[in-house]
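In structure tokens, the next block holds one chain alone, the form predicted on its own.
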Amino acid sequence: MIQKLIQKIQKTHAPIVVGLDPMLSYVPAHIQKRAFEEHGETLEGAAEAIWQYNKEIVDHVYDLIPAVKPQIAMYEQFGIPGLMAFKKTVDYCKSKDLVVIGDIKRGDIGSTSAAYAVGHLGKVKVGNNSFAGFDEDFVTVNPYLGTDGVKPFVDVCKEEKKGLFILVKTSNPSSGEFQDRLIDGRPLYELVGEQVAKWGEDCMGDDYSYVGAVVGATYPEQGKVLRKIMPKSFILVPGYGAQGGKGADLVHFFNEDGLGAIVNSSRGIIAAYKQEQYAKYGEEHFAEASRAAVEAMIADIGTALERAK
């Protein structure tokens, strides 16, 4: 799957991923109204609204981008109907030939991690049959429990030719409380990055490993260091746009081949119509605003990478 992601990035010239992280407050009133008329102001109604919202955005941007990243918590808050909307979103994006990164941030003891890995990336056996559960192409993984929590995901990735993005240096302001702590004079995130590179050594595609890393756009200097520590790992870069990251901050996340990183923007794209620069589109044309925001992001990152050559 890492090869497909690379090919899609090269085809679109867009090393970006759209985060499908819908809050109900992002969903325009006319979509909510239709969903509530059909299902009432219920969990089912909320799930229908976010599904229709996702679908319209995907319809307007799928030709511009290589990948999407639905954040499962935004769906789980609506219970089982929300998880059904998550699955419909995953399936619809795959029908549009998009790579799907399931932002699930799982990490637990071995047997539980194995179940998470099977449920999201692999196939579960039921009698003589096997079924794919959520069936994403990549997932995000928390490495805090060490190899016990990560190896089951790596094993499934080898079997299914899918991939991981392991949390190394996250974009949130308090990430340094643990991630920046010095151990033998080095920050913890560097040691985690070294371990990510090791986990990926026997899980390689042509040039890059199936095992990638998450490094926030809000920490460009750390990204520069981690790029060298993990030369064969793709880096998923959150924190662009709404969290403050800019194209100029991102050049060190990429390798000299122009690959090696994919940059995420969530509400900066899916709720673009709420921003002053895209307000002219209005709620009715929210997905057109999302397309314009994608085009602006592609141009911003492309310009930054050209200047860095």
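What you are looking at is a predicted structure, and each value in this text was computed from that prediction instead of being measured. Sequential numbering from 1, following the sequence displayed.
The same protein has a further form, the form predicted in complex with a further copy of the same chain, not shown here; the description that follows concerns it.
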Verify the contact flag for Asp108: yes if a non-hydrogen atom of it lies within 4.5 Å of a non-hydrogen atom of a further copy of the same chain in the model of the complex, no if not. yes
Heavy atoms within 4.5 Å of a further copy of the same chain in the model of the complex: does Ala296 have any? no
In the model of the complex, is there a heavy atom of a further copy of the same chain that lies within 4.5 Å of any heavy atom of Phe134, even though the partner is absent here? yes
Does a further copy of the same chain come within 4.5 Å of any heavy atom of Pro143 in the model of the complex? yes
If contact means any heavy atom within 4.5 Å, which of 202-210, 122-130, 227-235, 89-97 contacts a further copy of the same chain in the model of the complex? 122-130
Heavy atoms within 4.5 Å of a further copy of the same chain in the model of the complex is the criterion; list the residues of 206-227 that meet it. none
